[in-house]
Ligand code: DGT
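This document starts with one chain, in the form predicted on its own, laid out as structure tokens.
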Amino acid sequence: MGDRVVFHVDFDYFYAQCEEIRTPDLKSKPVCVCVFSDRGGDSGAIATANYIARKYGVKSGISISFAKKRLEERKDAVFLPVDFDYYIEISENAMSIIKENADVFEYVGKDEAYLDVSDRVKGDFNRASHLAQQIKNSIREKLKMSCSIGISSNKLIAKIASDFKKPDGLTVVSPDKIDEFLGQLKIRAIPGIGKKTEERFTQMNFETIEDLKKLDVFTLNKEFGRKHGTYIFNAARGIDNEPVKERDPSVQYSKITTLKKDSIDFDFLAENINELCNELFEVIQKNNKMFKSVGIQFIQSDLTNKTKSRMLKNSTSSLEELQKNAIQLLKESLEDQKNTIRRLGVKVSELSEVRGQSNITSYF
């Protein structure tokens, strides 16, 4: 057996690409897919923009009105509302094509997945490259979509590689080329390094991943905390031992809502959390499931995503447990929350079948 071979498949400007499939005329125009708020007019934010719109500085998270200013000279610019049901349908079709080509398939989100293909390519990176091209061709033929694929010996490098030549990229980084590949990249290329961390490195006169390797683990831990510091130290050296784990889209149930107003008010958010828990509980009951993990999700006003979850001691199918834990997670999340929240979600995972009457609550 040769090296471990991991793919990261990432769909380019996913929502906007879905819209281009539905209306091919859009391909030559700047396309912005928008999350309109319930307050009318241009109130809301950009979810995804195609590459033509991006050339004018339009990116996800900016307000719709600001995007329109950026695209003033393009009279053909198109602003469309999100259509999640349609995007999920396209995503499911794409994921089934990808999954057929994997030894182990890990679903990450509607537009990305990891594949371990070590067995089927016998650890050979040339074979891996051919397989990736076949996946890309198949997706293009069947769905008229492009995706970018990164190939390496671990998830971290595969993810960085998939972003290297977007859109429609295919980048292979074999184990002997990892140092050379990483060295040229900006520090921000490391997943999980945001604007603040990047600014701190700039103050320290570090710009590339090669520069970063001059820092020892103790300095990084002191500066960024033990967990994040160790992660940065390993990432700069291309070290990542996390396996690709079998994960299908259906391993969790969730409910999400757009709030009537952007807010960080606890009482208002708690009221919405309780409603979502009631709706989610109906789904759990209907499918005869118990859950062991409860999570909440915020989509903030700038469209960035924040999640928090906790594992319970025992599996349960109790509404009271669901609400109690979701509210506790909300309290903890709001402690350092600066941005207002636009959309709010609750999810349960680590699901199992209800066998008999597992507890007094489910009996009643």
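All residue numbers refer to positions in the sequence shown, first residue = 1. What you see is a predicted model, and the numbers here were worked out from it, not measured in a lab.
Only in words, not in the display: the form predicted together with this ligand, which the text now covers.
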- Message: Please identify, from 333-341, 308-316, 23-31, 42-50, the stretch that has a heavy atom within 4.5 Å of this ligand in the predicted bound form.
- Response: 42-50
- Message: Given that this ligand is not shown alongside this chain, does E19 nevertheless sit within 4.5 Å of it in the predicted bound form, heavy atom to heavy atom?
- Response: no
- Query: Even though this ligand is not shown here, does R54 get within 4.5 Å of it in the predicted bound form, heavy atoms only?
  - Reply: yes
- Message: Is it the case that D116, even though its partner is missing from this view, gets within 4.5 Å of this ligand in the predicted bound form, heavy atoms only?
- Response: no
- Query: Would V35 sit within 4.5 Å of this ligand in the predicted bound form, counting heavy atoms only?
  - Reply: yes
- Picking from Q297, S60, Q323, Q300, the single residue whose non-hydrogen atoms come within 4.5 angstroms of this ligand in the predicted bound form is S60
- Query: What residues, if any, in 64-94 have a non-hydrogen atom within 4.5 angstroms of this ligand in the predicted bound form?
  - Reply: none
